[in-house]
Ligand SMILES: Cc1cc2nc3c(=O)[nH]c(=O)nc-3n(C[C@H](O)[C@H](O)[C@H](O)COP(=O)(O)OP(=O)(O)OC[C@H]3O[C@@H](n4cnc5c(N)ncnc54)[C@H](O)[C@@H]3O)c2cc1C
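In the block that follows, a single chain appears as structure tokens, in the form predicted on its own.
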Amino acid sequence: MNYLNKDEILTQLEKISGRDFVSNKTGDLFIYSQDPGASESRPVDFVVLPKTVEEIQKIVKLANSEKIPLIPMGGGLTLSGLIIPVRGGIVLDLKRMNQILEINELNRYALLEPGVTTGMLKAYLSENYPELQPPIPDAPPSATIAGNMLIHGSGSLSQKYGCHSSMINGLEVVLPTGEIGKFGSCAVSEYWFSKGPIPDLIGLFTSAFGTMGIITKISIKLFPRPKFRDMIFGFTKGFSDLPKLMSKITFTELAEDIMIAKGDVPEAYKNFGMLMVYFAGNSKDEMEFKRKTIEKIFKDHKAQVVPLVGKARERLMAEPQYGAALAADWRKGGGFEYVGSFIPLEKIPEAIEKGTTISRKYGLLTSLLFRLIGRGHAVMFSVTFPFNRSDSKDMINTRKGLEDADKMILEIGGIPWKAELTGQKLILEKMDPNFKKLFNNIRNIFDPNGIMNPGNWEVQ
């Protein structure tokens, strides 16, 4: 995109955030033009690393006056191109805003700046509040808490408590006009403990991909940390009974996290579904009761329990549990992306069949993962594509596979999650027209100059 005076814009940004934290140099911008996934790289005009809310306000006002796109960035690990500028502009890298502002032990919440990472919060709680734990996404420790919460992330505790966006208590946001808005109890009270009981507008910012504002503070729920945590690992050859098996386990309300995986690696499990059920408790008797109850359900549904020891157990017990990311090493070149989605529980067998077919169609290794969300009310389902970054044909096949997976998920009644541009377009085509109209009207009110991550969620 061509601006009237790039040098003047650079000078203004340097005045706001300091010369050391602003750049338009090709070498500095390169990393911001792409992400770890399969999206094509796109040009960036400037990057700025603000330190304060006031700096962000000034940057937003400058962007409005010059009609420059703004793209907020947390850890930059979303894979699906959400922080790669569609139309150039300024990437706001928020990693310098990394303060843990408050831990409220009694009300069990954390108030954080947007650059606080999962690893930072986990380490801080372990040292200072060992009886509390945060939800942990299946992502590297450098992933930001705010970024994960705002994309409807999932991970540990999600089966029990829901997707991570449901764990948000409140937000402070620099709106696209440069004004500051507070959402949740913090709009009325000095405490950041709840979304309600005022009208809940926090949902406007979740899964909006930076199109509605720039989050500068976030309050999230914390949870009691049990003394013991363990897992049951098993496998099943048939998939038709999986929904009933999963539903039966959730009905006991004993499981903390439940996952299903199917893939071409390891070879021994190629034709099986791998089952992982995590549970926690505060006594050995409680843990033994939960283990026996869940193992009986496995047996009743002809699922085989397999004892785990050594490195296999260590890896699957880790938090974050990002074993699915190992698929990045399945092919030369280290590429890795997946179409995530939320689907109904009963669609698991169909998703396995159709996800496998898509992988085979494009010569890609099969890697499927399911995680139950909110006691089985929904399932996070992902089709993962390992690819070779140095092979242009492999990259093209991966993008085709991702598009087919988006289409398949919509056809079976699911919704793609943190969808890339192609996925967003497919969702909008199927979206209820009145919902789409309302969403577009709200967005235009919030962002009259269209500067917030333009190209994403664009209603035609």
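The structure presented is a predicted model; accordingly, all values stated were derived computationally and were not measured. So that there is no doubt, residue numbering starts at 1 and follows the sequence shown.
One more form of this protein exists, namely the form predicted together with the ligand; it is left out here, but the text below deals with it.
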The ligand contact in the model of the complex: G238, any heavy atom under 4.5 Å: no
Contact flag, Y32 vs the ligand in the model of the complex, heavy atom cut 4.5 Å: no
Heavy atom of P140 within 4.5 Å of the ligand in the model of the complex: yes
Heavy atom of I297 within 4.5 Å of the ligand in the model of the complex: no
Heavy atom within 4.5 Å of the ligand in the model of the complex - the one residue of G170, G213, G89, G340 that qualifies: G213
Listed residue (L82, L275, A351, I220) with a non-hydrogen atom within 4.5 angstroms of the ligand in the model of the complex: L82
Every residue of G76, P114 and S154 near the ligand in the model of the complex, heavy atom within 4.5 Å: yes
The ligand in the model of the complex: contacting segment from 242 to 250, 381 to 389, 142 to 150, 360 to 368, heavy atom within 4.5 Å: 142 to 150
Residues within stretch 382 to 420 having a non-hydrogen atom within 4.5 Å of the ligand in the model of the complex: W417, K418
